[in-house]
Structures are given as C-alpha cells and as structure tokens.
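What follows is one chain in structure tokens, specifically the form predicted alone.
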Amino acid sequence: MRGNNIMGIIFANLHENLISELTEVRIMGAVPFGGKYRLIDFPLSNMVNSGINKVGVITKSNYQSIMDHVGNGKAWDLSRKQGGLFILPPFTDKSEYSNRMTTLNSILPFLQNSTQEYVVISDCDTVCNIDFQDVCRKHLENDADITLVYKRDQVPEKLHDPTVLSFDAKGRVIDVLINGDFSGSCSYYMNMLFIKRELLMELVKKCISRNTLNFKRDIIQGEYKELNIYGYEFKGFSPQITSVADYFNANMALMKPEVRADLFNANRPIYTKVRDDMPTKYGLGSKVTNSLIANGCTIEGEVENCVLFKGVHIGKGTKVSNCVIMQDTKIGADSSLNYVIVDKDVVIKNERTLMGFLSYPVCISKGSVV
C-alpha cells in the first residue's frame, strides 16, 4: 500500500505525570533522549520512514518546546504543500483534551478534512523503530478493522492502564484484560494501532454520544467481539517510559551495540532537529569509558557509562558515572555524580557530590543551580 494513503496521529501529551520531574516545563514528546533526540522523534521518524506524509501532533499544554523542536517538519521532510506536519493544540477549553477519546473528538474536523483511507495512532512514551508498512500489510492480509501493536514480555510495572490481549490461532483478539494482576510474559498493547479513518470517526462519535470516554475500555475492550481486531507483534527494542527509572534505563541501554543497531537502523533512520556544533574537546588527563558523547562538549574530567547531550562541560577533577546529562549543562571542578539525571542548562558548582541509585536516580530540574 502507498504510504500517502495513510495519515499519522501522535499523542505527544499523554502520561506526563509518570515522569513529572522531566515534564514540568515540557510535554512527553519533547523529553530529550539518547544524546540528541526527543521522544517524539521516534514515532515521527517511524511514520515518515513508512511513507506517511501527513502527521498530526496532538498537544495540550507546555507545547512551546515541541513546536520549537519540530518546527515546520523540515527535518522529517514534512515541510510540503500537500500533507505535512500539523500541530494540534487545544484552541478552546483544555478540558477537551483530558483523555484520548475527547481529544480525538476535538480533532474530528482534522480527520474529516483528510483524504487518507487509514490512520496510524501512536503515543510518544515508547522508544522503538517500527515499520508501519509491515503493520499495514498484516492489517490487509487479515482483513482487519483494527490492528493493535503489542509486545510479548513482562508488563512494565507502572504502565498506565496495562492492556493484555489474547488471540485465537489466526491472531484475532478474543479477550482483552485491563488493569489486571499480570505476572510473567504477556501480550500487552503498546498504544499503537492501525485503523480506517472512517471507522475511527464513527467509533469516536458513537462513544461521545453515549458518554463512554475510555478508549481502551469502550473501543478495544468494548468492540472486540463485534469488530475484527487483530494483533501485530513487535519484537524489537521498545522500552516504555513509565517512570524516571525507566527513562534512565532506556538511555543506559544505548551502551549496548545490539540495541543501537536495532534502534538506529540505517535503513530506517531516526531524524531530529539539527544543531550544528564543533567536535567535542577532550582535555589533557580526561578519561571517557563506555559513554555516548554528543558534539560540542568539553570534557576535562572522567566520564564513565554516561549519555552526554550537546554542549555539556565536565570540569577538571570531576567524575561522572552512570549519568544522563542534558544539553548545555556545566559541571564544575572536583565534583562527583553517580546515577544522576541532569536536565538542560543546569549549573553544578565546584566540589559537589550527587548520588542516586539504579532504581532511583536523582533528577535535577531544568535551569537549576546546585
């Protein structure tokens, strides 16, 4: 199927409360990740790599950061006369964007004015590299009404409304459990789905008219017996950001070559806004071990098992271990950081010691002075 017969909808604003330390001044989709990316880069790049050239990005509040990042979509080749990138903020009452169902209802004019036959819907809290054309092929082969992307694994502990699916021999959904007591390996829904645009609008209008406003309970669970709902299993690297610890672990996983090879597939690259910078400078006596270092950094101390974004400065005699340090942060001399997430534009003065733990990394807010 042609990619231009599919449009994309990205929820950039959901589940922010799960990592409130990082979403205090930005929405979920604008959270930095992996040295130079934002979380929205992954679903947006997945759609573009699948030939989708019309994408709507749903926001609610604090969306200045996401608008500054995506701009007119040029970095994703979405700056075009036909289709392109659309930012969909709440133009009236923000309560209309209080949940997934009311949000979809509020953007019905956007859906009605589109000509694409199918819609791909995705959240921003899953980091993965998925081929939506493959999902489309499975959808057509099964003559499905809805295709849900799922992963076979242990359900993340803090996943919002975890939804576990059961299938028959042909892959059709025959049972849906929400918020159950799940243990062991399960087939859980990844908040990505493929559906006909007309069917999506029909289901949203039906639920709104009945005041049944829970997307998972009233559409996925409520309609699986009436509709042909199938699953598509995604087997690649796909951590879901359900806590600050999950965010930290997902960044740390990038140290593994096999994870980088899967996530940053050369055939399906992850695009982002370009910020040109000079190469990183390494001072005399500096030492870097098993770390991802972006351009524009100045390293005079010791860095071990860390992800450093652009423009980070590490002072002399300072050692940072197991840390995620975001853009333009300055760390003074003779300091020590271990298991710390440092947001953008932070200043950590000389001779400071900060220490967290693997399951509870310390998080320093954007623009703080320590």
Partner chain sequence: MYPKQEVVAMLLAGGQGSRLGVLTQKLAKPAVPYGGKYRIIDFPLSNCVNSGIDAVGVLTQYQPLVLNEYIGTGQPWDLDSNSSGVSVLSPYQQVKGADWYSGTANAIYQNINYIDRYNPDYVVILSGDHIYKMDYSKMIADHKKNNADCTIAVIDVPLAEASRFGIMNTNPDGSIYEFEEKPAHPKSTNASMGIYVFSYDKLRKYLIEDEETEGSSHDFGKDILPKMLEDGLRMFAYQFQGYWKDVGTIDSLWESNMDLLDPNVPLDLTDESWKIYSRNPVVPPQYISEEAQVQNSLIADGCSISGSVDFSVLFSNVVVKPGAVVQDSIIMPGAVIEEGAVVQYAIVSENTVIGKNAVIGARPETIVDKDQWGIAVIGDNLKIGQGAKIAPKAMVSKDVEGVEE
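Because the structure is predicted, anything quoted here is derived from the model rather than measured. Positions refer to the first chain, counted from 1.
A second form of this protein, the form predicted in complex with its partner chain, is not displayed here; the remarks below concern that form.
Contact residue in the model of the complex, chosen from Gly180, Gly71, Gly285, Gly236 - any heavy atom within 4.5 Å of its partner chain: Looking at Gly180, Gly71, Gly285, Gly236 one by one, just Gly285 meets the 4.5 Å heavy-atom criterion.
Residue among Arg152, Lys206, Arg260, Arg137 with a heavy atom within 4.5 Å of its partner chain in the model of the complex: By the 4.5 Å criterion, the partner-contacting residue is Arg260.
One stretch from 274 to 282, 182 to 190, 195 to 203, 101 to 109 that, in the model of the complex, holds residues within 4.5 Å of its partner chain by heavy atom: In the other structure, the partner sits against 274 to 282.
Joint contact, Phe264, Pro269 and Leu292 to its partner chain in the model of the complex, by non-hydrogen atom at 4.5 Å: Each of the three qualifies.
4.5 Å heavy atom contact, Ile174 to its partner chain in the model of the complex: No - in the model of the complex, heavy atoms of Ile174 and its partner chain never come within 4.5 Å of each other.
Proximity of Lys60 to its partner chain in the model of the complex, heavy atoms at 4.5 Å: No, Lys60 is distant from the partner.
Lys344, heavy atom within 4.5 angstroms of its partner chain in the model of the complex: The answer is no: Lys344 has no heavy atom within 4.5 Å of its partner chain.
Exercise: Pro32 in contact with its partner chain in the model of the complex, heavy atom 4.5 Å: Pro32: no contact with its partner chain in the model of the complex.
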